[in-house]
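Below: one protein chain in two forms, given as structure tokens, structure 1 then structure 2.
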Structure 1
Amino acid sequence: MKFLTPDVIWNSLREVGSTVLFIIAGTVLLEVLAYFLWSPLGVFSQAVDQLLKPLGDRVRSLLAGLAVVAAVVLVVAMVSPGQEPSPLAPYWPVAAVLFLIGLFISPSATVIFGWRLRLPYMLLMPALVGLLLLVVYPLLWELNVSFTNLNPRHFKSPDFIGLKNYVEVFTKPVLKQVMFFPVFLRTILWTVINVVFHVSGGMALALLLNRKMRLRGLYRTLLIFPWAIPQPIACLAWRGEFHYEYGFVNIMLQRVGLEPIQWMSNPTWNFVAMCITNIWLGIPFMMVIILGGLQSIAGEYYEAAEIDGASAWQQFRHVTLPLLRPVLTPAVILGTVWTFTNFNVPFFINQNELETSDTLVTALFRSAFQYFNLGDAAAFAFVIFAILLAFSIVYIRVTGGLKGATE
């Protein structure tokens, strides 16, 4: 390979090494600044706390929240989605000052800048900076895009259009023909079917593997394979198995005297194929989580239940399920979010791009990267985020599954 010359290799290693040294030097500088600035900040926060104490904690919390929200709004306005800088870009010190005001007038300022928490916050600071650069900034940029008409025609200087994109998410087709609510209901059906099978199948396998048996470790290893395989590879393999003429599924159907199924072109069967693939992929994760929860339950509970004459079903209902709730609640929430936002399975199994098989996430992808409606896609993404956030809050409140972890 002629392109791998010594000069190219040396330049590549030099660039990588300089990047690593820059990160190390930046981290050291950040920690040193935090170490020497923490004590003055603590003294300043105590002085502000004594000065603002007559206002009360509620008023201070409200004022702090308003200052932080104002800073975030200003930063969002400064994040320009086009190639030209935003006219508000020079005002970033104002946003920084508003954020600092909100931070120091908060009743928690003295706790945050207390001497005991200096070391934990110093250790978290590099990760915090990384999250700000790699997560928070892109989210703010996308939030700004959602209020503009950014697309290939207006890529250099998009116009601010307010909430128009959010309105069009619900009033215009999110695909070529299909509106938002049919895709939303299909996504809910897709999520419910998969999560029910994931939890029930994972629970059944976990209960079986929690018993004493020979080669139990081997069974656990084999059952975890679907989750260990990279998802795109597994999806492409399953798509081959659903081939009308040469796929294993149709070959087996013909062997038992049934007609082959048009898995790729029939809307109903294509959706079924998506569910079969994702169920196969998702059960091992739930099995591992539930098995860990089962192994953490002390055997004394079951011994006491047997003494009281409880049957196996009663032990499962009144002992196993309640003690598994702190484990099941985050697992179900995580499984629901993963399934709701699953892209690989609907995208790869829906080979013919049937709009009757698209979910919200694949519709979002097509809107952004096939139809290039970038502003609409950004608003679409935040609508999906709001749906999942509302579900998580309601599910936690209704089930009370995190009480054991917080009490």
Structure 2
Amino acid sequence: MKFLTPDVIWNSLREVGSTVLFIIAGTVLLEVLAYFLWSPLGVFSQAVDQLLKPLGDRVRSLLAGLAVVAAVVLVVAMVSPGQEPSPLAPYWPVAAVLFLIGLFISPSATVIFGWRLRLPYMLLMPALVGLLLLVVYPLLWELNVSFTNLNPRHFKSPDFIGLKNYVEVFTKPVLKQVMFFPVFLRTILWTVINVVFHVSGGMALALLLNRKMRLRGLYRTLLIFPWAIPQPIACLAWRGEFHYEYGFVNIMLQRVGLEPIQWMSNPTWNFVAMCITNIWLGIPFMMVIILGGLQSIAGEYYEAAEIDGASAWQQFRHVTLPLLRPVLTPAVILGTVWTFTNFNVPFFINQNELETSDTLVTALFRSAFQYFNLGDAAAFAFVIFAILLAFSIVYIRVTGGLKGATE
């Protein structure tokens, strides 16, 4: 047992503070290095450029691409999934040199190291290093592991088994009993149900709130509540309320003369409980976004539509919806991805009990952290990632939603 004494406060302040100082010092060092190295590197890239001119831009891009890909492959192979370091680990300078060669061969090297772009690259540097360390490196590690049989039986020295894990995601149970496709279908069902309710519920509430009325601020504040509550608390509180005897859901069902429901042990009802919780949690976000969009639509559109004799439904269909699209499209993409990858709700409501309530993401967690089948889990993770990526690309293509956003 430990209490909040000045000692405890001081210790944690010191540890957090030293970490922050470490990050700041690293950033400063990086920036100073970039500041002074940029011009020499620019001169160097000019020289290389002169030397390689005869090759032509196409060939240079191709060679540069090859060198960088080779460097990445080498890095992936160097990352050791097991206890012992990989035999390729001492060759990291080769990867670095390959990468640098690729960088300087490419025709854009002179642009990159031009004085004009020194500031933007310096501004990007800290975030870039952070993301490399905490997103790219873990991804490479995961990619490497997905080709091995890293699990409790082969923890020290896993073997390379090629694409076996990827095949087994689809042909063998991903957990102890459930196969991939039932979980996948359940996750899709879960996403569709939630997003449909989020958007329609949020739309209805936003339309109701988008008018001059009394108590508007109060309603809005109360309706935002579920979003404001930290998710773990909301989920755990809902889990408590789904208790068979003492949760308010069953008490209310009994008061109106219905049978109480086994929310925790019946797979179907457990899934319904998850949906109820997440719908409750997610509506305020959509409501807020749609309300913001509604308020940016000028009243003249409706006046014009009214003069043309448009009914309210026609106005909604032909004025409100099209003008909401720039707001709605990113919100729906984000909402879908967030729901699909939502971890808290399925995890806390189900508490890792019923395998039949797992969505892909909680199944992944269970496979990695409960059964420690890290190799399988890694392949499984990349399959999930590919599904999400494919969905987003298709959605963005179809709706043209992010057009111009990357320009």
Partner chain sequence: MSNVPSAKQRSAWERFFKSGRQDSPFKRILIHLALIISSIIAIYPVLRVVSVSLRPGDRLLSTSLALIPPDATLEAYRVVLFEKEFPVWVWNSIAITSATAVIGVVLAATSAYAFSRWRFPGRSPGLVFLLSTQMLPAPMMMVPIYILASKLGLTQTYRGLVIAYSVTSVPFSIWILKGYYDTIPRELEEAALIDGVSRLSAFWRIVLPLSTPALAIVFLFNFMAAWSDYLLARVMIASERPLWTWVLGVRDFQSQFQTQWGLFSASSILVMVPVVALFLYSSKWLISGLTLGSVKG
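Since the model is a prediction, treat every value here as computed from it, not as a measurement. FYI, numbering is relative to structure 1, first residue = 1. So that the term is clear: the rigid core is the largest set of C-alpha atoms that superpose within 1.5 Å between two forms.
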In this pair the form predicted together with its partner chain turns out to be structure 2
Taking the rigid core as reference, does the Cα of residue 10 move 2 Å or more between structure 1 and structure 2? yes
Kindly check if the Cα atom of residue 104 is displaced 2 angstroms or more between structure 1 and structure 2 relative to the superposed rigid core. yes
In whole degrees, what is the angle of rotation of the smaller rigid part relative to the larger one between structure 1 and structure 2? 13
Inter-form CA displacement between structure 1 and structure 2 at residue 57 - rigid core frame, Å: 6.3
